[in-house]
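This document opens with one chain alone, in structure tokens, the form predicted alone.
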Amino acid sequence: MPDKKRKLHYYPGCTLKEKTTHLDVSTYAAMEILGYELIEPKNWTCCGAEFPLNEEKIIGLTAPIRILRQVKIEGGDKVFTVCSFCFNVLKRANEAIMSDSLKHKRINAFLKDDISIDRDSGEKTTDFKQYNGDVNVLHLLEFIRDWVGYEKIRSLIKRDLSGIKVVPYYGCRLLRPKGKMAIDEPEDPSIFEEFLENIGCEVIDFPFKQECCGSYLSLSMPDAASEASYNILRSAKLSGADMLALSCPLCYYNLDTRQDRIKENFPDSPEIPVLFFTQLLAWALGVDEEVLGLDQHYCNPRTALGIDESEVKK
């Protein structure tokens, strides 16, 4: 009898179903090997992408709290995500509901009138119970460290990644604001380095690992975003890295997809592969190369991963 998979709620977020499907697919592949059946909250929507900072107009909290309430309704006590933006929004919204009694009252009063219609049966659900912040919001790096354990990860490794020099890139949403995210120390983090070491990579430290890549400026001020991303890519290359690993879809867009745009402003910008940490995890665990979505990258990561291009299926 095969081992029974443990069910675990997983919030992918909207970008993973459209622009960065390789982050989503590699997460599913890796978590299956680790023994988990992932459950996406029924009828989930975008979390809003940005945590609302306005203290009076708090309607922006409804989307993330509605997602967490659904996890609770489905019997979950924890949910993880791999997107840094989604993690930031869900975690802070959950904290706001628990720490601010007025927000708790107003948001629950608003959501109480929700009408949920089952897509299959057409059955309507109304009069929802209030949500009290009792679902634990986790990032996958955190879940692996605290719930799976590095020892188990090491026991399941199927590919030797030693010799692959990787810089971990945290970006600005995974760790901050300090005291709210509570995943690691923002000024001196180590969770990403520990993860990479335990899947067999050679970790390279570099001074831009917590710097912003330019974020949404790639839309409103693309030259500013290009300069911020250039500084990160250049620093990674000068540090001796073969690739850069990250968890944020927007950082991926700025640091990988826009490498051609960056080169227009900075011709000496290095071409360096940028991978999601779940792709590296899945690869280390023995997942087939075809599953990783490597063709979606601007900078081909196959050589850095030790994949023979001549053996790649066309």
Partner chain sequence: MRIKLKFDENEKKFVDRVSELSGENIYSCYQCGRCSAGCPFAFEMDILPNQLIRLVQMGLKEELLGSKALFLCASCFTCQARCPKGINIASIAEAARDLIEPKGKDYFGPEEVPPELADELPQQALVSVFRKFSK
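Numbering follows the first chain given and starts at 1. Small disclaimer: the values here were computed from a predicted structure and weren't measured.
If you look for the form predicted in complex with the partner chain, you will not find it shown, but the lines that follow are about it.
Among 211, 100, 134, 197, the residue placing a heavy atom within 4.5 Å of the partner chain in the predicted complex is 211. For the options 148, 73, 161, 172, the residue carrying a heavy atom within 4.5 angstroms of the partner chain in the predicted complex is 172.
Residue contact check for residue 187: one or more of its heavy atoms lie within 4.5 Å of the partner chain in the predicted complex. For the chain shown alone, residue 290 is not a contact residue for the partner chain in the predicted complex, no non-hydrogen atom being within 4.5 angstroms. For the chain shown alone, residue 248 is a contact residue for the partner chain in the predicted complex, at least one non-hydrogen atom being within 4.5 angstroms. Not displayed here, the partner chain is kept clear of residue 155 by more than 4.5 Å at the level of heavy atoms in the predicted complex.
Here the chain stands by itself, but in the predicted complex one stretch of 65-73, 281-289, 28-36, 51-59, 51-59, has heavy atoms within 4.5 Å of the partner chain. Using a 4.5 Å cut-off on any heavy atom, the residues of 11-32 that reach the partner chain in the predicted complex are, in sequence order, 14, 15, 18, 19.
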